[in-house]
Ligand code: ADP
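Below, in structure tokens: the form predicted alone, a single chain.
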């Protein structure tokens, strides 16, 4: 069995329970986000983060050049190093990789993105975000074959050598597809996909692949990207995807046992 686990980086996510739950396994890759860390650093550097909402309702970071530099510093630097150190404290060898390292995650730059501004849809041209075109599964297998855990996060790189930001949930989906994973676990700061974001009891527990479009209206904000990542993973041959909480003890085990929202 091979699993890909992604732990979110928004406020409320917990890394330590995830790492503690994984260290007894040998069949996994960890993908990390880090939006809160990027936002904190951007604020400290004097260029606070801005977010764009697409006409379809997807919320994304505005990756202007200053924000992209902050993403590189926070994600490929602080967040990734802390995750690798968390494994080291538990006696596990881990290797931190951004998508740039070894051209692990190739992407094409989006030449302008569409965003809703008031009642208008505008074209944002100074955005350095990308669409993933390839993940090097052989590189990840080689690192795992050395007895090391790959710890992966944004950014990615284009064929021309440009650094672009890409969504960490989508990285996780593409890694799962590239590795032929049995399961993709997306851990976040809520119990899963909720019909009502203010009511944890409104959890959607099971979603068939054919029902994903029907539940998308419940996926607000960043949750929409997770549901779309689940859809991509299933389309690419991954057996099942679980969106679940990182805030419980044993979060990976709980997710694999069916706690959260299971897509299959």
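Just so we're clear, the structure is a prediction, and the values are computed from it rather than from any experiment. Residue numbers count along the first chain shown, from 1.
The same protein also has a form predicted in complex with adenosine-5'-diphosphate, omitted here; what follows describes it.
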property	result
is_contact(residue 218, adenosine-5'-diphosphate) in the predicted bound form, heavy atom dist at most 4.5 Å	yes
Exercise: residue 40 in contact with adenosine-5'-diphosphate in the predicted bound form, heavy atom 4.5 Å	no
is_contact(residue 190, adenosine-5'-diphosphate) in the predicted bound form, heavy atom dist at most 4.5 Å	yes
Residue 9 within 4.5 Å of adenosine-5'-diphosphate in the predicted bound form, heavy atoms	yes
Options 42-50, 206-214, 63-71, 220-228; stretch whose heavy atom lies within 4.5 Å of adenosine-5'-diphosphate in the predicted bound form	220-228
Partner-contacting position among 194, 124, 106, 95 - heavy atom within 4.5 Å of adenosine-5'-diphosphate in the predicted bound form	194
Sequence-ordered residues of 38-56 touching adenosine-5'-diphosphate in the predicted bound form, heavy atom within 4.5 Å	none
